[in-house]
Each structure stands twice: as C-alpha cells, then as structure tokens.
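Take a look at this single chain in structure tokens; it is the form predicted alone.
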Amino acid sequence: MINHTQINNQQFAAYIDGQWHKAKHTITSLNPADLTDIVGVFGEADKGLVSDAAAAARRAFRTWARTPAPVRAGIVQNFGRLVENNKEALARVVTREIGKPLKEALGSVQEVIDTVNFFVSEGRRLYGQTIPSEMPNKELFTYRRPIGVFGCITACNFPVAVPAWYFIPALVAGNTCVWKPSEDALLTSYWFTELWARAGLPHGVFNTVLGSGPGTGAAFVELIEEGAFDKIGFTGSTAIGRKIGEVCGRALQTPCLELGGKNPMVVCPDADLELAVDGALFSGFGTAGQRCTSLGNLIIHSQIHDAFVEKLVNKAKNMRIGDPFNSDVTYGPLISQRFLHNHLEHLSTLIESKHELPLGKGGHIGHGAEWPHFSGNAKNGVYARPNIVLNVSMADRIYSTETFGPLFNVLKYHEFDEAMAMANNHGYGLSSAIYTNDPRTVYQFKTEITAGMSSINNTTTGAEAHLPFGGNGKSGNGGRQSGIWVLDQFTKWHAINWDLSGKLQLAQMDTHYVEPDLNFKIQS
C-alpha cells in the first residue's frame, strides 16, 4: 500500500531499467494548502540520466514489441488492479501535493482505472486488415506496428489521469516509454511509477525522469533532436507546445500535443438557466480553473444577460474555498506558488478600467484579498479568490489569453452568428459548451464550432476514457487521446504485399481489367 513516509527525502531523480537513481541537485515538493508541509524532496535528473532512460527504453523495445499484445495488455490490467487497490491513498497524495479537492482527485484516479478497463481488451483488437488484390494468387495485409521509444512530458493538474491516457495505449501497442512528469507532482509521479513497476513490466519498458521544466525538460527536448525518441507526447502550454512541435518537425516526427484553451460556453435564451449557472461555475472554478478545458468565455444572449449574471454572481458568492480535504469546498489552493504568481499577473495586466468584477477585487486570499466562505490556511496556503470579469469584448486581451486560474469572462451577444464568432475567434479550439433546448441551434453550434470537443447542456470540462480528447488551433495539432482513436498516435501502419503466383506480376501494368463495349447505345 502507498505510504509516502517511505520515500521522503530520498532524492530519487530517475527510474531507469528497473532501478531508482539519485541526483545531487534537489527539488522540494510543497503542499500548496500549507507551504510549511514538505511533501517530499527529490533529485533533478540531468541530461545524462534522461539519455540513460531513453537508452534503456531503446534496449527494451525489441523484446517488448515482440511480446504478444494480449500479454502486454495483461500487465496493463495488473496496473489497473493495483491502482484500484490504492485508489483512496493515491487520491490523497494528489490532494496533498497539488491541492485538488479530494472528490476530484478520486475522480482522476478513477479515470486511470476506466482507461485500463477500456484498453485491456484492445490488446486483443489491434486489428489490421486483409485486402483483396487486383492480381490473382496475391494477398495484401495491413498491420499496426509499435512506433518505438515514446517520450512524454505531462502537466501537473491531472498528474495521474493524463499520463494514463498516454502510457496505457502506448504500452498495449508495444512501445517503450520515458516520462518526464511535472515538478509540481513529484510524489504522485513516484507512486505512479512504482505501481507500473509492481504490475510486472519488464525492466526498461517504463522509465521516469524527475525534474524541472528548464532543467530536465530542456534536456528532454534536446534529446529529441538527437534521435533519442521516436514519438513525443506533450501536455502543457501552447508556447512550449510550439517549441516542441518545431523540434519534432525537424526530426520528421508528428508529436501528440495537448495544449491550452480559452473554452467558450454559449447560453441561449431558451436555456435552463439554473442548470447553466451550475455548469458555468463548475466549468470556471473546478480545480480552481486550472484545467485546460476550464471555462474561458461565457457568452450570454442579451435577453437573459442581466438575469443570468445576477444568478451566477449570487451563487458564486456562496462557494466555499479552502482545505481540499474538506468535502464541501468548490476548490482548494492553486497548484503551486508559480501558478499563483501567474494568476496575480493576469489580474494586474489584463483587467481594464471598463471591466467590472462583481465578486470583488484582489487575488491572494489572506494577502490583500478575502473570501467570506473560506476554511483554509490563509497565511501559508496558495489560495486565490474567484473572479468573474464583465463587459469583455473580443478586442480585449483577456478575451484571447488563457488565464489558467479561478477567472472567466462574460460576453454579451445579440445574434447567434455573433455568439459563434465569440466562441471561435480567440484561436484556441479545445473544448466548448452550449446551453439550449432548440435542436436547430445545437446543430448550428456543433457544425460551426472549431473546438475538438463540445458539450450540450453540460460543462466544458470532463472526459470519458472511450471518447477522443484533444483540440485544434492553438489547443493542439489535431492529435487525440483516449478511445480507439489514440491508437493512431502509438502505431504505424505496415502494408504487406505477398505474391504467391511464382512469377513477376506488376500492379497497374499486368492487371487484366475487362473493357466495356463503348459502342453500345440505348435506343429511345
């Protein structure tokens, strides 16, 4: 069972070829609800350790790729059983380390279990095809083949669910892996790695390198250009995603990029307003607004704008913020001090004089800002008050800037075409939502929206293990995670042309097509 005291202050920096390695330079993981609580001290992997991890994965690839897919899936199933057996303990580590409310953390761990349950059967369904040939005594086949060494960098807001989306299908498909998790979720990442090790993966198949983005992450990117990886996955900011995409392009690779969002929610005059208010509040403030699918722009019809905003603000004022282990909180602290710093900077640089803040001003609770329903450690915690910004237009910087915190905008529209422009023109294309009971409006929305995902009468957030997840534009390069579609990220098609005729047959040249009688005419 998971017990964090076993590894505290061990300075583990990398899990390579079945062993943990230490490093001289360290990173300390702090509890954002109480920065005096040291969650763990870990080492920072340098380029040498990252290179060693990639080399171990390369050595293990040949044997792992030849392991029958159902056997590979059986080991993944073992991992799922271990996660399920440790569900609450792992969720409590997530809550303590990144401040995600325990209910949400339990949901994140359940997402891992769901993903395992879906992909275990894909080990028996990595189907190819048998294709008829235009030649006699000839057979054509296609096979899915693993790509090779998969290198992956993930973010901190979903430190177990998102890695599971990547690694479960990657391993079932026969790839070996090197993982660089976020420096804000080091203890969580340690346990995630240990669960894979205890599941029975052969040494070298799954490797982990811990460290910061500027340190370990930069070394990771350097090694892409040096040919250490055959496939890259990245979840994080659009700015870093662009850099990784450039490097992969030079290496003639197509990365799987899951980036930021400025996710719109349109509320129509015929919507269930109470339902839409609840959806907007969770979309905007779930995980303290630190989801790539969090609400960015709430787009409300002018007929209901004032009444809806009044309901929204009144309900928001009753939200409880504080200790993430309390069952009644809407959200806990921000993930770390750097996320608070970025949030405060957005408040100071993006809010204009014309904007209204109906929930009040200020950002850091207990440090110049207050919240009436607060139950956390204001002195030592990284807590931010919620913000709703009114009077926003498409010309404002805040309209098209991902803020990644407890903040969203409100825009007013008159005609539906105007609402669609507001929903699309920021350039992101991850998630979206609409509240309406008119099927024709739903049809127009789902036809014209540029986002990769849309919800009807539901939140902008939330994903299921068997539905594709991913975005377009500034939100990604079209790759998808989850569901059967993700297999296209982790396999390459292999075409087989098997001639049994015993003679040379040339396609298109020796094909005996039958010609029609083109002189035939119908007599009318």
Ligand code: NAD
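Everything numeric here is computed off the predicted structure, so don't read it as measured data. Numbering starts at 1 and runs along the sequence shown.
In what follows, reference is made to the form predicted in complex with the named molecule, a form of this protein that is not presented.
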Using the partner position in the predicted complex, report whether residue 413 sits within 4.5 Å of the named molecule, counting heavy atoms only. no
Taking the shortest heavy atom distance, is residue 380 within 4.5 Å of the named molecule in the predicted complex? no
Report whether the minimum heavy atom distance between residue 79 and the named molecule in the predicted complex is within 4.5 Å. no
Exercise: residue 213 in contact with the named molecule in the predicted complex, heavy atom 4.5 Å: yes
Counting any non-hydrogen atom inside 4.5 Å, which residue from 230, 183, 396, 104 sits next to the named molecule in the predicted complex? 183
Between 347, 156, 248, 197, only one gets a heavy atom within 4.5 angstroms of the named molecule in the predicted complex; which residue is that? 156
Which single stretch, out of 362 to 370, 326 to 334, 233 to 241, 271 to 279, brings residue heavy atoms within 4.5 Å of the named molecule in the predicted complex? 233 to 241
Taking 54, 151 and 191 as the candidate spot, are all three within 4.5 angstroms of the named molecule in the predicted complex by heavy atoms? no
Could you run down 314 to 340 and flag each residue that has a heavy atom within 4.5 Å of the named molecule in the predicted complex? 338, 339
